[in-house]
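Take a look at this one chain, the form predicted alone, written out in C-alpha cells.
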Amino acid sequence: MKVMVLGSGGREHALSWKLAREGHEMLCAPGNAGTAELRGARNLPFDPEDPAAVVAAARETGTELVVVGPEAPLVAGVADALRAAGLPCFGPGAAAARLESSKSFARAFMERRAIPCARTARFSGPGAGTELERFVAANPGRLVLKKSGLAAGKGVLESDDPAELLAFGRSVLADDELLAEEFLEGFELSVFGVSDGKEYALLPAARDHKKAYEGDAGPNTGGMGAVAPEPRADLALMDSIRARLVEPTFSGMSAEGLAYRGVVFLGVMVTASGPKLLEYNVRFGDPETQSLLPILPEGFGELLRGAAEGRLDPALVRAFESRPERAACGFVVAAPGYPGPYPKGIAVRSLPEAENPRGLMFHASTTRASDGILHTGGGRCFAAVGLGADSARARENGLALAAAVDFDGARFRRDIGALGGRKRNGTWNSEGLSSG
C-alpha cells in the first residue's frame, strides 16, 4: 500500500517508520531528515495544511491512504477535502477536530455526555478580566488555566500564585477564550482509541511527561518523554476508563453526528474517585507515539486503513487491545531554551543509529545539508526510545541513547519513566463562576 503521512515531527517519523517496517511505500509531507532515510520512503515538499495541495499530491502519486499526523491540517479541513475527492484519510473532519481546536467546545461536549471531568469556569468577552480576578480571589490554592484554542501543548498554566494566574489569564483573554479548572490529584495517562466511525480499538495506555524539568518542575512543554505501556494501567483501570470515558465519548460522537475516522487521544487523570477526562486531542500524541508504536503488533497499516474506510477488522481490534509483551521509554532531547526561545539549525555532532540494539531514534523537523551534516529544526529535536522486556530495562536503554546525542546545548529529562503523580491540595468556590 502507498501511504502518505502529513507532518514533519517525531510523531510522523514514528508513524512512517512503523508503516515502512510493515512493507508499505511511504510518502512524507514534508517529512524530516529521519523520514528521508527510511527504506522505500521519500519526502514531498508541500504544505500539509493546504487541502487542495494535499488532494493534488495524493492523486498525482497514486496514494492509497493519507495519514494526518498533526492537528493543524485536520482543523484546516484536509480530511474533509480528501474524502470529498474519494481518497481514504485517517483523521477526523474539521467539525470533529473542534474537540481539540476548542477546549471550550470539548468541555461542553463532556458535560453534555456526563463524562467525569474537572469542574470548569469559562471566561471571554468584555469584562472577562474582572470576572477572572473575582474567581481567582474566591478560589485560593492551585488552579489550572487553559487557552481554549490550539497552543501546541503549551497553553496551560498550573499555579497557586494569584499574580501569575492573572497575568497568564489576561494574556490568553487578549485573543481567545480562557478556561479555569479545578486542580485534580492523581497520575496522568494518555489513552488512544482508533475509530472507524462505528467501532473502535483501545490501544495500551502511555504516560507523557509535560513539564520542562526533572521532578515535574517548570513550564509545560509539548512533552519531554513517554513510557508505554504505563505499568499502573492494569486491566481493571483500563476497563474503568473504557466504561467511564471512552464509551461515552464515542457514543456521544455518534449521537451528535460527529462521524469520526481516526484516533481520539484522551488525556486522563486517575484520581482517588476514579479516572477523569482532562482533554481530547484528535491525533496521536507526541511524544507518546514514538514510545507506543514500537511495542504494537504487526498490522498497523491495515488498522489505519480499516478505520479510514469505515471497516475495522474485529481480529485486528483484539490484537491491538492486547497487553504488549515489551516496554518502551522515550526521552526527548531538546534544544537549549526550550520551551522558551531556542536556536534552530544547530549542527548535530553525533547521533545513535536509527535502529540499534538499545532501541530507536526518531527525528523532529531535522534537515540534512548538502555536506551531509544534520541540523536541528525545532525545540524538541529527537526522541531516544529505549526498548526492553520491562519498563526498567527500557528506561535504562533510553537513557543511554539520549546521552549519546551530541549537539550544542542538548538537554533531556533523566527522570522519564519514574513513577509519580500530582499531589497537592486545592479548593473550589463556584462563586463568581462565569460562562463568559
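Please read these numbers as outputs of a predicted model, since none were measured by experiment. One-based numbering along the sequence shown.
One more form of this protein should be noted, the form predicted together with a small molecule, which is absent from this view; the next part is about it.
- Task: Find the only residue in 211, 244, 326, 170 having a heavy atom within 4.5 Å of the small molecule in the predicted complex.
- Result: Exactly one residue meets the criterion: 211.
- Which of 253, 118, 201, 81 has a heavy atom within 4.5 Å of the small molecule in the predicted complex? Filtering the options by heavy-atom distance leaves 118.
- Item | Candidate stretches 138-146, 360-368, 315-323, 256-264, one within 4.5 Å of the small molecule in the predicted complex by heavy atom | That would be 138-146.
- Item | Contact flag, residue 220 vs the small molecule in the predicted complex, heavy atom cut 4.5 Å | Yes, residue 220 lies within 4.5 Å of the small molecule in the predicted complex.
- Item | Close approach of residue 293 to the small molecule in the predicted complex, 4.5 Å, heavy atom | Although the small molecule is absent here, residue 293 would stay clear of it in the predicted complex, with no heavy atoms inside 4.5 Å.
- Query: If you check in the predicted complex, is residue 156 within 4.5 Å of the small molecule, heavy atoms only?
  - Reply: Residue-level check for residue 156: yes, a contact with the small molecule.
- Task: Indicate whether the small molecule has at least one heavy atom within 4.5 Å of a heavy atom of residue 351 in the predicted complex.
- Result: No, residue 351 stays farther than 4.5 Å from the small molecule in the predicted complex.
- Item | Contact test, all of 194, 298 and 302, partner the small molecule in the predicted complex, heavy atom 4.5 Å | No: no residue has a heavy atom within 4.5 Å of the partner.
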